[in-house]
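One protein chain, two forms: both are listed below as structure tokens, the first as structure 1 and the second as structure 2.
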Structure 1
Amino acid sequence: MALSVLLEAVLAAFEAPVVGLEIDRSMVTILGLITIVILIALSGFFSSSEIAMFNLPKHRIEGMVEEGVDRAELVETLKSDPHRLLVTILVGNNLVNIAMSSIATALLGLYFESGLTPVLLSTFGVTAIVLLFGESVPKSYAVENTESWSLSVSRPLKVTEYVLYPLIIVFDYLTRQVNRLIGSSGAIESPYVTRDEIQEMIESGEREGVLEEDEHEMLQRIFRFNNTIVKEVMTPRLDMTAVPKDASIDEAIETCIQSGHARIPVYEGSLDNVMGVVHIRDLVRDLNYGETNDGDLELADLIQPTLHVPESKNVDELLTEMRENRMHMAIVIDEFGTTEGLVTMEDMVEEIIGEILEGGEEQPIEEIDERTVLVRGEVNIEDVNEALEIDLPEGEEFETIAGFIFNRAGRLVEEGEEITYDGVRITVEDVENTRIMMARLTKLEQEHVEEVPDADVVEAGEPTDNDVEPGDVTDSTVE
């Protein structure tokens, strides 16, 4: 009402001739509408600026600065103090919106005698206009054109900061004090995307077809790499090829050739006392081209030192350590100092790029059909779950499919025995001595799942009763 009275007074003053020019009610209305249109445009400018500036990631700004993009340095300067930038945008936006509402109320007051009608029309009318043209449309544009729009608005925002500097300083200070009182850090944005956000982007990229399936798998392996321990990737003790310290050079060369390994550990007494490793290159070179006389060269002279690491060590830490020490092999020990196996640089690289097969080496997981795979006994359960899209559990006592079978059975198993767990039938295909070499996993149809209880063990295809409850895991382990 007060604004209406004020505007009427201004209009009455303008009704008198001023230098031959007479301004009437319609002229004031036109000027007011033009002003409102300008204010709507400014509201859209501030709203879109907020989205563009705060959606632009820091690493992209740094990239544009390095590329010499025009106004990129100005954007970087504004983003260097995100709190000040946000206050600048909010002060400008609120001033514009309040002015727009006030002018609209005053204009409507010229045509309506009731004091409540202009206020209601202004409130709902201006709100609708601001939501559409000052918020929704500008912000949608800014989301689609974040980079280019942030560059375009950087200079006007800097001018706004200078023009509204006193207000910005006051509200910036007051906002920080309120944040301090309520215990808020006042952080406006994080410098980079989080690890979880990157993984979500990888998943979205694979779903949208931006990333190929093998690219998606490799990126996922990279994120799992630092959570992988040495025990999960090592070659177990039973599969280690090594030579005693007192072996001859010829015997060591023959062992390397038969095993297909360029490096082999050398032990004294037993595998629990590994002295180091020898390389076939050194064996052949020093035997045939060395300066020592025949019979003088001993295997101990060619031993290179190696690392001894606990089985619980993270592979990313071990990889860094091996690179720094220029070693390609490490011996894995348990808590008692007993040799558990060995791990090579290739074992860790395979955790990222996938299995590297040589010669006639078989695939660790061979797909038979959509529901059936053949799996080597030493394959990690996590890889089996990914291949069949199932959810076999991992326990502290076991990490491989062979360990899972032994744990469920609670004893040694023979070829042909079957275990059913959570809709998956596991058939032991190949056993050498006491080791499970190969197993067949089949996802059962729903009707079969209902007929066969979980965790049943069937010997050589003949159904027998047992006391294993569904979902229970026994405490037995197989070393």
Structure 2
Amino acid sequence: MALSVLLEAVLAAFEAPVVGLEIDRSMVTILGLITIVILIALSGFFSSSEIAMFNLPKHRIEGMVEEGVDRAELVETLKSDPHRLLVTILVGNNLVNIAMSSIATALLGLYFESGLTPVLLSTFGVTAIVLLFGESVPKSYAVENTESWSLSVSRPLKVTEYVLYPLIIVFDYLTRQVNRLIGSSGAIESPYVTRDEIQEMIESGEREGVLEEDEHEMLQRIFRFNNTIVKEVMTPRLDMTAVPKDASIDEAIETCIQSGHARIPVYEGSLDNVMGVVHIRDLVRDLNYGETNDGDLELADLIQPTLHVPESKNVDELLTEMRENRMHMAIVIDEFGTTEGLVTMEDMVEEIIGEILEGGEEQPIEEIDERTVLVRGEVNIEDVNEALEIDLPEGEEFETIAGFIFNRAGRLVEEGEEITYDGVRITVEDVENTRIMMARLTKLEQEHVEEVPDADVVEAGEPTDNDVEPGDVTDSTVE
């Protein structure tokens, strides 16, 4: 109201005859300047409101409402229609900025004869003032005080919405129509946080020391978890310890003890026909305390059902399924129904919390020096890439480092053979029968990388001295 009175006074003063009325001119100037100052303040209010309201994350508003913070509900109501809110702020901001420019031009017109000078002066002067006091300073303040400032401006914004109601209705409608015409959805706010943003935040969180290194790693693993399939975490068929259905309970206990596993699958005929799983606890309990002590208790009586899952199943789904069914072990089958391996809860949990090593278990990846690691054949390519910061292909038809070597060689390999791929030398260290048990990976120095053709396999018997310089290996590879 006070503003409109001032505006009227300024306009009335302009209409008064100027000649000889010095008092009137200075009065007009003073009133005009006061109006401009008020308009700058309003401009700052609208600009800072825009930043505060649209930078305030949705979860913070919900949090404040839950905590019963004063005016938080009003902020929530305003934000429930972001398009209307933006139009309110923009209409308000543009009105005050343009009014400021017009008044400044008219005021300067009192002092300059030529029509161009006041226009130029007011254009540049008002631009500078608006930029500084109507935009930059208030916006910086709002960025730093998003929460408290959005609460403070909520009531004035609501009042503005009432005062400018007719204009806002018209511009709300018009902007929506124009948006539709140019094919824009007009969405002012995207989902307030995306998966990628969270991942980027985790990255920068670690860089800036907000997150510890192991917290960062665990969070990263959680994100990777839902892209992991069972094949990547299972224990392969070759390592499965199982007993045939017709084994005795004593034999089954013996197998458990020797293998160090508490659960073992029981099969009929071959591993491709797993009937279920026995737990050492049941075997021992029934052997010692069972009701049927007359010796006719069979292994088959103690078999618990198990799940058969395809190797391509996602681990997060399987983990939920196993928890619901209270099962700790599942049998992994391939597309032909052949048993590929087994997977336990531990295999999946390890994907999030990292390797859980028991007793004499060795590290799957052993760091020799900065450029060299010793890796067990069944280790996933992804883990090797991470350990050595290299870029071996992931997500192809092989999961493990052994799979990669076989794929590159196109045949069985022997101890001592070497592959060079994309600046990484892979030496087969240990082979049992046909299986690659251990490989040594060395990151070659850049100058040698350029000379090395991609993925050459060197026959066994060629120089494999692990201490030789990468350059020597390059020679032998090229030969």
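None of the values given here were measured: they were computed from a predicted structure. Structure 1's sequence is the ruler for residue numbers, which start at 1. The term rigid core refers to the maximal set of C-alpha atoms that superpose within 1.5 Å between the two forms.
In this pair, structure 1 matches the form predicted alone, whereas the other structure does not. The two forms, fitted on the rigid core, differ between structure 1 and structure 2 by less than 2 Å at the CA of T35.
Relative to the superposed core, A402 shifts its CA atom by 2 Å or more between structure 1 and structure 2.
Core-aligned CA deviation for L56 between structure 1 and structure 2: less than 2 Å. Relative to the superposed rigid core, N433 shifts its CA by 3.6 Å between structure 1 and structure 2.
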